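The chain below stands alone, shown as structure tokens; this is the form predicted alone.
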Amino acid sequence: MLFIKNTTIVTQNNERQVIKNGAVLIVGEKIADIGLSVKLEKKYTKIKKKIINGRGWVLIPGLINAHTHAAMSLLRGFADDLPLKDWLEQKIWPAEAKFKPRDIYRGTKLACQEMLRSGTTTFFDMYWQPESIIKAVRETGIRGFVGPLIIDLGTVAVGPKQIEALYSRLKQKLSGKVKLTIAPHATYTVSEDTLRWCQSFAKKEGLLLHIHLSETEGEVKNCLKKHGCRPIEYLAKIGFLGNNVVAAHCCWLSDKEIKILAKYGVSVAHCPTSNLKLVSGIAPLGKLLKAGVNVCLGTDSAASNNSLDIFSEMKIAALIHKWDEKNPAAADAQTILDLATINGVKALKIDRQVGSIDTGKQADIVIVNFNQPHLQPCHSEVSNLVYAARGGDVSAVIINGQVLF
């Protein structure tokens, strides 16, 4: 039993309540109670518990990284400042072709440690060798949604037969904080038949789908040439879209496509830093949110971002959309914090378990140390979290009631 008192709690509950001089009681894996320190100390005076004085701390729900290729942390700084096509074909893909299962395990474990250190408690991954990824996730204690990559166009061939066999082999071993998903790479690397199969299999097994979508202008032009329609129109036409789909990037969208995403309940994983670095584009965040699309936040890989720090991602997201929409009120701090917390858990269908500091939810809590010059004075905790905080300000991470960092 853990009791953190005299702290500030950014709950991210339905009222977006911020409790100053607050306290949280954690019993086992769950949040047993939250409220003012004075009241909770009196209420639980006679209960044996470990007491931590959280003065100067700000407690927030665990951050969600909704699009990663964790093992690519091994390629951080390996191929910077190149055009996307050259970056992929001349550097990244040849390097990845040399990866062995142990490399993927080590790269994923390094990424998990980086994410935990910077306040991420859940990540949504797509990559090869899911067994190696699952091993790393289990050892670090982070929540991981692991999507084995599917590609069946080109020289690589990983399709339905391989994925069905993999899922049959792994599903009995998965429980708790590690979940398997389905990850067709993109519309230009996966055939129509396989895309249809992915959605059918996902619905049958109750799985999430994770796909790259409309990342570049070239991708859209090629889809128009090949299919006579844009990528999201194409996926709607073949029955792929649904509320179990998380689409990464979505930089090049028509107004019609935004309406389609909203209609089918597709979530968008916005990856601003990676998109800027690779000059892919900027997702139309304001239009997506106005249409009712659930938008969350991802870093993409450390090869195209160089960091897996969601605090950094929040600040960049807030700034680029102010400029892109020519409106300083666009992408306000509260909206951006929502992208990194409650919107992420909605996309992953775990919003009943985590995503806010609420009584009865799993205790996924990040403690941020505000006793630092760059986080003082504090006129608004939410503002400081988005515009001033960084991953290194995290003092502790709690997942399922267990202090992991």
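Numbering starts at 1 and follows the sequence shown. Being a predicted model, the structure only gives us computed values, none of them experimental.
There is also a form predicted together with a further copy of the same chain; it is not shown, and the following applies to it.
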Among Cys229, Ile238, Leu174, Leu276, just one has a heavy atom within 4.5 Å of a further copy of the same chain in the model of the complex, namely Leu276
Among the candidate residues Glu164, Asp103, Asp80, Glu131, which is the single one with a non-hydrogen atom no more than 4.5 Å from a further copy of the same chain in the model of the complex?
-> Asp80
So which of 324-332, 131-139, 187-195, 260-268 is the stretch with heavy atoms within 4.5 Å of a further copy of the same chain in the model of the complex?
-> 324-332
Should Ser214 be counted as a contact of a further copy of the same chain in the model of the complex, where contact means heavy atoms within 4.5 Å?
-> no
Any chance Ala388 has a heavy atom within 4.5 Å of a further copy of the same chain in the model of the complex?
-> yes
Verify the contact flag for Gln353: yes if a non-hydrogen atom of it lies within 4.5 Å of a non-hydrogen atom of a further copy of the same chain in the model of the complex, no if not.
-> no
Within a 4.5 Å heavy atom cut-off, is Glu114 in contact with a further copy of the same chain in the model of the complex?
-> yes
Quick one: name the residues from 280-316 with any non-hydrogen atom within 4.5 angstroms of a further copy of the same chain in the model of the complex.
-> Ser280, Gly281, Ile282, Asn305, Asn306, Ser307, Asp309, Ser312, Lys315, Ile316
